[in-house]
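One chain is shown next in structure tokens, namely the form predicted alone.
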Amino acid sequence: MSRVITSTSPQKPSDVVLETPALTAPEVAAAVLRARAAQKGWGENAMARAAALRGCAEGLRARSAEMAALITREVGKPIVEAKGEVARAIAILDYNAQAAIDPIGTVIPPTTPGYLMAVREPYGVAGLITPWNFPIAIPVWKAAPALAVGNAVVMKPSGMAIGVAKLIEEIFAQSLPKDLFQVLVGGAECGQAIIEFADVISFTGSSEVGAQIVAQAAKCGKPVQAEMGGQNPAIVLPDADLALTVAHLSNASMSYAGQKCTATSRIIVVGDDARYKEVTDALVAGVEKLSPNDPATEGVLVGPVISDSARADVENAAKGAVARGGKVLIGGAPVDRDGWFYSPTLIADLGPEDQLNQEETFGPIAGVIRAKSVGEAIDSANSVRFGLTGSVHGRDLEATIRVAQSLKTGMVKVNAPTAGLDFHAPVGGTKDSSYGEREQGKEGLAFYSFIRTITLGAGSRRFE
């Protein structure tokens, strides 16, 4: 008897968005075979790929309001962010439609008469394993470059975002050849089978699951990239514009209930006691404005966390921090209403080595840390096992650049929120945050293709 995957709305848990059987390993194997057959023709015509991806963009553009509403319903993303995510997915498709007809190689001087070329080729079938928190942007930023360079795609979405994934599949089916892009719903068996049968693997999710996927893909000899967790620091220098910085940090840490890998998790304040109090008071006032509410309501920035277990994780993190001497500056409790709401929470008086400041909670909670010097702030920022992104806030350009260059992260923002990425720039982290090549931009295209070197000899016949 097959297991059933059920997706429900986090703001109204009684609302079942979609229910569907989980695929078994043999069913995944059959889907990959269909994708492999569809890929043969797809990989031969770059102009056709470009036109089809433009069609996908137009199809999504025509149904953007429907998609945004479904994202809000299924994963609790505030509607303003859901609309932005759909717009970003459309931009990614437009970008990769053009990328499909980019040059694919180089001509190299040969050692003998003739030509020597290095040409990029698709692997065949790309297996994608995607999370729930960006249910269209992340699938599209993986699938679009994979398709652009000539691969077919099989995608396993999170069980908490299957409604959005199936709508993506429906929209793409209007422009792509049959079986070229398939959504495969399932649990661990489905994910493991994708790794076994696909040719190139891309994952976004937790570092624990990511490590397992990397190990399995490596054992199978498959190229793999994994984008995983973050415990992202924001360093507030003594001369930072307080109003601007607080606006950035409040939103970066608490919007979408903090459920972003790039959310600000640690706010490191440099300065004396007076400066620390000035910054923390301003942060409390900023976070206080972000009251959790129905994410479908315009103007709301904080909705629910994704599930009851996710809310329990946040609650346990806050309670544990207080038990270890942490001081709750604001929040620290569930919201008494239907759905999995938790109040945006700032906790101070814990050192950088505390569990709250070391491990990702993935919710609306952040630690505020004191630093007496810039050097101490940098050491604090770099003290975790993650290295996804970070931010530096200050007026002195030289100081902000020096600090930014000292952060051991794959991405750094200066006077900007840690959250938020440009769709055409490479994305990725260091340490336990990432494995393999970068995503998005030219790097994303490169990951889904390999280089074939071709030698064309001129032979030995002389001209008559």
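Since the structure is predicted, the reported quantities are computational estimates derived from the model, not experimental observations. Start at 1 and count along the sequence shown; that's the residue number.
Below, we refer to the form predicted in complex with ligand NAD, which is not included among the displayed structures.
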query	finding
Contact test in the predicted bound form: H393 vs ligand NAD, heavy atoms, 4.5 Å	no
Contact flag, K77 vs ligand NAD in the predicted bound form, heavy atom cut 4.5 Å	no
Contact label in the predicted bound form: P344 to ligand NAD, heavy atom within 4.5 Å	no
Partner proximity in the predicted bound form: W132 to ligand NAD, non-hydrogen atom cutoff 4.5 Å	yes
The single option of P292, P364, G230, P145 touching ligand NAD in the predicted bound form, heavy atom within 4.5 Å	G230
In the predicted bound form, the residue from V86, A165, I213, I268 that sits within 4.5 Å of ligand NAD by heavy atoms	I213
Answer range among 117 to 125, 78 to 86, 220 to 228, 369 to 377 for contact with ligand NAD, defined in the predicted bound form as heavy atoms within 4.5 Å	220 to 228
Within 4.5 Å of ligand NAD in the predicted bound form: residues from 186 to 207 (heavy atom criterion)	A188, G191, Q192, F203, T204, G205, S206
